[in-house]
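As structure tokens, one chain now follows by itself in the form predicted alone.
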Amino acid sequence: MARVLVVVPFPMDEGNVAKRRAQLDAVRLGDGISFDYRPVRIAPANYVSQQDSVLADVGILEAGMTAQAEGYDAVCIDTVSDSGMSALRSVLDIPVIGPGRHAMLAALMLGERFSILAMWDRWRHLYTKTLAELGLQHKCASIRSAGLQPNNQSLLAGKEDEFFPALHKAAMRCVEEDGADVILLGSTTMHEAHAYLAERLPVPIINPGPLTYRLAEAAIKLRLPHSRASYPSPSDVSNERLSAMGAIAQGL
């Protein structure tokens, strides 16, 4: 049985973790793989500034750094920011999958230009950073926000009647005005809107979280780790110090 650790980017209770775990319903995986969800202990309130990005990297690194020693075969990061991905790759030999860059690369298997559909515009810097790192600015037709305030705990629950049509309207503008032939959901917090949008859009729409589960499964079966040439190991692995920071953040 292959085991995958999914690092949830905010501290949360089991009820809200279950909303993240519901992403598994969107993808068919074999019986030979299981997923565990672990919230971080260190996190910003949201991902809207450079300070937030630093805290997110540290929190996700701390939550996932012992995954290999715990017997996991891969790690998936449950945020399109891909926070902590590079850091975890430097300390782990098992595959570490971030949904942001992998959704963009998958979009290019389906079409020529993609748009990123966001909840609100304050997440824009997360996408422009990844686009620049991949050199894919010319493949991005647009980044459009529906102007909706996200909730990283309850996700879209109770707001479907307001949020789903607003997201559909923004997505159609990506297609009709910007020329996108593939749409990416700009956050794993938006996964509950995927089925609604997929039924109503004339182009494919990628659900980034479930995509990482499938890619993790493929990486495990194909025995494909990340390259040490790109992600060299640190001279000193700071597990104990990071764990102490996590304990302080959690109030232990």
Partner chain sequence: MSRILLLSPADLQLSLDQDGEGTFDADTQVVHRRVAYASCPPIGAHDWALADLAVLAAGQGAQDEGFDAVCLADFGDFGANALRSVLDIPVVTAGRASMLHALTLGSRFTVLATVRDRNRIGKLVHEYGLDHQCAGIIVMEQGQAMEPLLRQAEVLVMAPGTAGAAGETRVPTVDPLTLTVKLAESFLGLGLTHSRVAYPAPQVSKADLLTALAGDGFARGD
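What you are looking at is a predicted structure, and each value in this text was computed from that prediction instead of being measured. Positions refer to the first chain, counted from 1.
This next part talks about the form predicted together with its partner chain, which is not shown.
Contact annotation: of the candidates R122, K129, K139, H168, the single residue with a non-hydrogen atom within 4.5 angstroms of its partner chain in the model of the complex is K139. Taking A69, A45, L222, V54 one by one, only a single residue has any non-hydrogen atom within 4.5 Å of its partner chain in the model of the complex, and it is L222.
The candidate stretches are 185-193, 210-218, 45-53, 59-67, and the one lying within 4.5 Å of its partner chain in the model of the complex by heavy atoms is 210-218. Among heavy atoms of E160, none comes within 4.5 Å of its partner chain in the model of the complex. Its partner chain in the model of the complex is approached by E112, whose closest heavy atom lies within 4.5 angstroms of it. In the model of the complex, M172 stays away from its partner chain, with no heavy atom inside 4.5 Å. Using a 4.5 Å cutoff between non-hydrogen atoms, V40 does not count as a contact of its partner chain in the model of the complex.
Contact check at 4.5 Å (heavy atoms) against its partner chain in the model of the complex: all three of H102, D181 and V203 pass. In the model of the complex, its partner chain lies within 4.5 angstroms of at least one heavy atom of each of the following residues of 9-47: A26, V27, R28, G30, D31, in sequence order.
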